[in-house]
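Listed next as structure tokens is one chain, alone, in the form predicted on its own.
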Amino acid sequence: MKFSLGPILYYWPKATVVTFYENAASSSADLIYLGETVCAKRKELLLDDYLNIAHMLREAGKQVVLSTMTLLESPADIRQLKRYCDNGDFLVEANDIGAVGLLAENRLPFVGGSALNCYNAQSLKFLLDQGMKRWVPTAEIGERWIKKLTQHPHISSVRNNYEIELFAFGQLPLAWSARCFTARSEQKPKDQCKACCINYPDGRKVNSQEGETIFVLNGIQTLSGNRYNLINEIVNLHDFIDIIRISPQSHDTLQWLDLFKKNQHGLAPQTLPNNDCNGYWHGEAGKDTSTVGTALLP
């Protein structure tokens, strides 16, 4: 089993991003994803900056993947997407079906990101036929669902042709909108947002009237209020999951990466913090926490 760092979903200052990846270069991660996936207005780092970081990480022994935007809203976004797909050096994670089309036209292998919303065997087979070599299941797909899909007659015979990478830690990316709710929360129109999401390194919490955090706003992206955490389930994943994805947070990301690796054989289970959840994995409400995976806790 390998471990990856997903793309940074939040808008961080350039210096913070560079420092994060400098530390990631010496971390225990096997794969690292780079690129802006949420909003084209985020310009702290451009593609050339990401490519410079990519070369640095590859020299440190990491496999690097460039992640594309999830919601394309303008011709400029499509031109940028083509630059990512034509980089000529690094594998690309397609987070929009337009990226799948571009990569397939050029006969380039790709990673199918979770935003592609692949829910059935026919869709999975289509993506594999287009050149997908690694699949990141959509957030709400749990253990039984993944097993059912991969054991489908359309898919089972080609299981060795692709990897499955599981989003296992971090706020779950749930939805993207043409509207920017972070800007709206500051009474700013989207076209005059001044990239205010940079003020929220872990997004902006949305609380219910009862005080429960139900969502996190991250520009045009809506994330889960609770943090997804499958650290205690990892021991049961070896026979059908190839890569565990850790989504970068503003604090302790690399420490959690090490904790996941330490517990991959069940030797270091963790007590989940109160705001962590694993409901989707067990077929329950996403914000819930099942105790099934905590059976090995001392």
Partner chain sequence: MELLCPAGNIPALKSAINNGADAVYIGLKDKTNARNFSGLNFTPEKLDIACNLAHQNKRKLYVAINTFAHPNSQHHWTTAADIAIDAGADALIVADLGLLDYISTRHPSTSLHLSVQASATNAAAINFYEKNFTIERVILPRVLSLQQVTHLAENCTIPIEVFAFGSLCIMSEGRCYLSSYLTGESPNTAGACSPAPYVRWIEKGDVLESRLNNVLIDSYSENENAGYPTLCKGRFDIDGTISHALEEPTSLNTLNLLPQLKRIGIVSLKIEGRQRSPAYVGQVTKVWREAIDMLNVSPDNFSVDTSWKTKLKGLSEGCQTTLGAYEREWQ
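Quantities reported herein were computed from a predicted structural model and do not represent experimental measurements. Numbering follows the first chain given and starts at 1.
Beyond what is shown, the protein has a form predicted together with its partner chain; the following relates to that form.
In the predicted complex, at least one heavy atom of R179 sits within 4.5 Å of a heavy atom of its partner chain. The closest heavy atom approach of F215 to its partner chain in the predicted complex falls within 4.5 Å. Using a 4.5 angstroms limit between non-hydrogen atoms, G101 touches its partner chain in the predicted complex. Its partner chain is not shown here, and in the predicted complex it never comes within 4.5 Å of any heavy atom of N161. Contact check for T19, R58 and Q63: none of the three has a heavy atom within 4.5 Å of its partner chain in the predicted complex. Heavy atoms closer than or equal to 4.5 Å to its partner chain in the predicted complex belong, across 133 to 169, to the residues T138, E140, W145, K148, L149, H152, ordered by sequence position.
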